[in-house]
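A single chain comes next, written as structure tokens; it is the form predicted alone.
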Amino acid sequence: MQIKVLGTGCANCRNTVALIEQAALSKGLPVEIIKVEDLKDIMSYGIMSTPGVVIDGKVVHAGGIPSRDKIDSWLK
């Protein structure tokens, strides 16, 4: 599973990466997390509010830190 976290490197983006890593680790799931920080690349996904999360090419979240429950639902 490839997960991209879109954001310019702010605290919310770093926290989102950490939460996804923790959730995947707790489920024993192998995930590839890619941080996308280039504004042009972020906008190519139609994301106007960061952090954004893209899983296997599909935008699943934009704006604010996602809840643990929401992250867990992505990792099913």
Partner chain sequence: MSTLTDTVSTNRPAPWLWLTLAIVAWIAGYAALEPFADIAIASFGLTKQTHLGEALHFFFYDTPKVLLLLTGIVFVMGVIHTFIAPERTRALLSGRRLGIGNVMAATLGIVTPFCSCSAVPLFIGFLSAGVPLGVTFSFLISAPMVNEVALALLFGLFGWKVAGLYLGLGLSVAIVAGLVIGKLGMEDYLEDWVRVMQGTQSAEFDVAKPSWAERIDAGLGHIRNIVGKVWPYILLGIAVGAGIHGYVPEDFMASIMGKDAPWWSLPAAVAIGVPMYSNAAGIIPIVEALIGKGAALGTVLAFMMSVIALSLPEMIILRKVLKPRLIATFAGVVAAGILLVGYIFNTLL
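Please read all numbers here as calculations on a predicted model, not as lab measurements. Residue numbers count along the first chain shown, from 1.
Another form, the form predicted in complex with its partner chain, is not on view; read the next lines as being about it.
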Would Ser26 count as touching its partner chain in the model of the complex under a 4.5 Å heavy atom rule?
no
- Touches its partner chain in the model of the complex: Met48 (any heavy atom, 4.5 Å): yes
Residue contact check: Ala62 to its partner chain in the model of the complex, 4.5 Å heavy atom
yes
Is it the case that Cys10, even though its partner is missing from this view, gets within 4.5 Å of its partner chain in the model of the complex, heavy atoms only?
yes
